[in-house]
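The data below hold one chain only, encoded as structure tokens and taken in the form predicted on its own.
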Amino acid sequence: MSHPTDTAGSAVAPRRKGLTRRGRRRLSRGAQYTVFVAAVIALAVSADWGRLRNQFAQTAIARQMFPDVIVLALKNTVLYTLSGFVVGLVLGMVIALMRLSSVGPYRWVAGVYIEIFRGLPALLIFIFVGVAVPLAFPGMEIVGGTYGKVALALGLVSAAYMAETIRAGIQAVPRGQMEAARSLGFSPTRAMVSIIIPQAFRIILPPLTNELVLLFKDSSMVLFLGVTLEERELSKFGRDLASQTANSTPILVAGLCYLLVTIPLGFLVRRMEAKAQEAVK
């Protein structure tokens, strides 16, 4: 029996049975959505919303937290974060330049610093600043009291991460930029400050903003330094009120205040990353 042929005389290929690749992808995606929705519905149905509302959503307790949670706790958290970020940025810049130096001891010291402070938990750094520094230097007072201690602790931790970020940004600037600056009579230092570092900061601005978000959360460890009522940040403020009221609503309100800052910063990071990618294209 002969096969049917087309007008060109060639055999007509039999039709494939089953789903196409695109159809299989759609089916798989639909199954995943179905499982996800089913899991969310099962979780929502099984949760005891009454007990959760009673423990975390007492509006009377939440109203008592204002305006102190904003004018005191949130303000302190922002001050702690910004001061630690400034210290970390300045120290990180110095360490990054040491890391790139042609002088061997500078590179070794910078490398040891980065490995130590990236490897240690931030909690240990706070304890070190609050306990070890006063013991080692009994006659020395850290400028700014608790604010200075927090700035130093956060700065020491963040400097190790910022140093590597800044170093990567400097190395991402084309080498020809330095050569062009030197050909115009710039000294190596002036070329680095005027030409290379500004371009590097345009590259590393998104990860630096992300580091700011991390510092905002790490500022909660200030409670290990021992703070007064006026020096409390969001986490300590919420925990104190939760223990006084035997209710977790203050902790939820403190968490929402954190999100009030971190979510806009997150959107800002993604916006800057998108602009950076557009500039590269």
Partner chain sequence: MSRTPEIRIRDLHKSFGDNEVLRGIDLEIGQGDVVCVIGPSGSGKSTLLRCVNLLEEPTKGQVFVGGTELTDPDVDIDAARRRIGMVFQQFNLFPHLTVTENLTLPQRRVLKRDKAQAARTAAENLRRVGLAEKADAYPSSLSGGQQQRVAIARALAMGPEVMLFDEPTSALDPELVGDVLAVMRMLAEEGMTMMVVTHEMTFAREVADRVVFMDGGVVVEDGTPGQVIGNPRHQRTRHFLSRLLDPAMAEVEEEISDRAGKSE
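Numbering follows the first chain given and starts at 1. Just so we're clear, the structure is a prediction, and the values are computed from it rather than from any experiment.
Same protein, other form: the form predicted together with its partner chain, not shown, and the subject of what follows.
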Look up in the model of the complex whether residue 179 has a non-hydrogen atom within 4.5 angstroms of its partner chain, and give yes or no.
-> yes
Could you confirm whether residue 102 comes within 4.5 Å of its partner chain in the model of the complex, counting heavy atoms only?
-> no
Could you confirm whether residue 199 comes within 4.5 Å of its partner chain in the model of the complex, counting heavy atoms only?
-> yes
Any of the heavy atoms of residue 171 lying within 4.5 Å of its partner chain in the model of the complex?
-> no
Report the residue, out of 135, 112, 184, 143, that has at least one non-hydrogen atom within 4.5 angstroms of its partner chain in the model of the complex.
-> 184
Just one of 75, 107, 190, 118 has a heavy atom within 4.5 angstroms of its partner chain in the model of the complex, so which one?
-> 190
Among 79-87, 161-169, 191-199, 127-135, the region lying within 4.5 Å of its partner chain in the model of the complex by heavy atom distance | 191-199
